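Next up is one chain by itself, shown in C-alpha cells, the form predicted on its own.
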Amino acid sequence: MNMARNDLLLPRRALVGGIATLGGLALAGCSDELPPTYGNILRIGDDFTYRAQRMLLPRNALVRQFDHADITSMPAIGTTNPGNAKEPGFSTEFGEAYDRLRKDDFAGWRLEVAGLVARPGAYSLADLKALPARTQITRHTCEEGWSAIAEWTGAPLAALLSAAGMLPNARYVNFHAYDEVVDNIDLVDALHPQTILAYGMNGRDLPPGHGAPARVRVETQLGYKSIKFLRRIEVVEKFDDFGKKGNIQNGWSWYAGI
C-alpha cells in the first residue's frame, strides 16, 4: 500500500510559517507544551523535530506499509536474551525471571499495567491476543543506519490502555523491560493506530532475539524506541528521564520521529 508522495508534501507557506512559529516558541522558553527535553542547549534539534512533526503532520498519519514480497531479513541487535548473564543488559532480578519464563514458553509471563489507569492489572499473552489485533508490514529504521522490513502482529497499545481505563490526566506511557531498558512516549504516539504491542513477527510467534514474548512497535520513531522484552507499562502525568538508565543522559534523543 504505497502512499502518494503528494500526500506528504506541505505548501511552502505552511512550512515556513510552522518553522517561524517553532522558532518563537523556542525563544520564549515558557510553554507548558514544550517537549520534556527543553532547556538543554544540546536538545534544540530534538525539540525542533518534535514540535515540527506535532504541528505540521496529522496526528494519525500512517507510516508506509508494504507487501509480503517486500519483507527482508532483519538482524536481532542489542540484547537478544535478557536471561543470559553474559549480555550487557542482564540483571540478577529480571534476568533470572526472564530465563525461567522463557524455559516455560512464557506461559507464566504477565505484562503489568499500572499508574494512571482505573483498572491496573497483569495481562497474559492470551489476554493480549484477546484484544483487537493489528497486522502491519513496516520498515524498521535503525539509528545505526540500516533498515529492514518485517510483518508485525499485535494488540494496539490504545486498545490495552482503553481496557485498563486510562485516566484523563495521563500524558506519558513508560515502558520497562527485562533487560532493564526504560523509555517512554507521549500520548500522541501511544494512541497512534500503528503503535502496537507485538507478539508476532512474519506470521510466527515473536522470536526471543526480537523481544519475546512481546515488544512495543512505535512505527513513527526510530527503532530504539520500540522496546523489546516488555514486563511493565506505567501511565503517568509527569515526565521521567529515568536518570542514568534513560536515553537523554546517555546522549540519545528522547524523540526520534521519522
Partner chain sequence: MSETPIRPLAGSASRGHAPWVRLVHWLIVVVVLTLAYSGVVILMAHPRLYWGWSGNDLTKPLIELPLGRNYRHSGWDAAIAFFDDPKGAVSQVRTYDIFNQNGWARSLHFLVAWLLVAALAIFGAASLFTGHLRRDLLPKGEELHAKAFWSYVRDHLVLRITPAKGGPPYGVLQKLAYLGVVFIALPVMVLTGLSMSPAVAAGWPWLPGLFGGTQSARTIHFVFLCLIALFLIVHVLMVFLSGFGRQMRAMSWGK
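This is a predicted model, so every value here is computed, not measured. Positions refer to the first chain, counted from 1.
Quick note: we don't show the form predicted together with the partner chain, though the next part is all about it.
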query	finding
Location of the partner chain contact in the predicted bound form, chosen stretch of 176 to 184, 148 to 156, 104 to 112, 126 to 134 [non-hydrogen atom, 4.5 Å]	148 to 156
Proximity of Ser91 to the partner chain in the predicted bound form, heavy atoms at 4.5 Å	no
Partner proximity in the predicted bound form: Pro75 to the partner chain, non-hydrogen atom cutoff 4.5 Å	yes
Close approach of Arg232 to the partner chain in the predicted bound form, 4.5 Å, heavy atom	no
The partner chain contact in the predicted bound form: Glu143, any heavy atom under 4.5 Å	yes
Non-hydrogen atom within 4.5 angstroms of the partner chain in the predicted bound form for each of Ala61, Asn202 and Thr220	yes
Members of 222 to 258 lying within 4.5 angstroms of the partner chain, judged by heavy atom, in the predicted bound form	Leu222, Tyr224, Gly251, Trp252, Ser253, Tyr255, Ala256, Gly257, Ile258
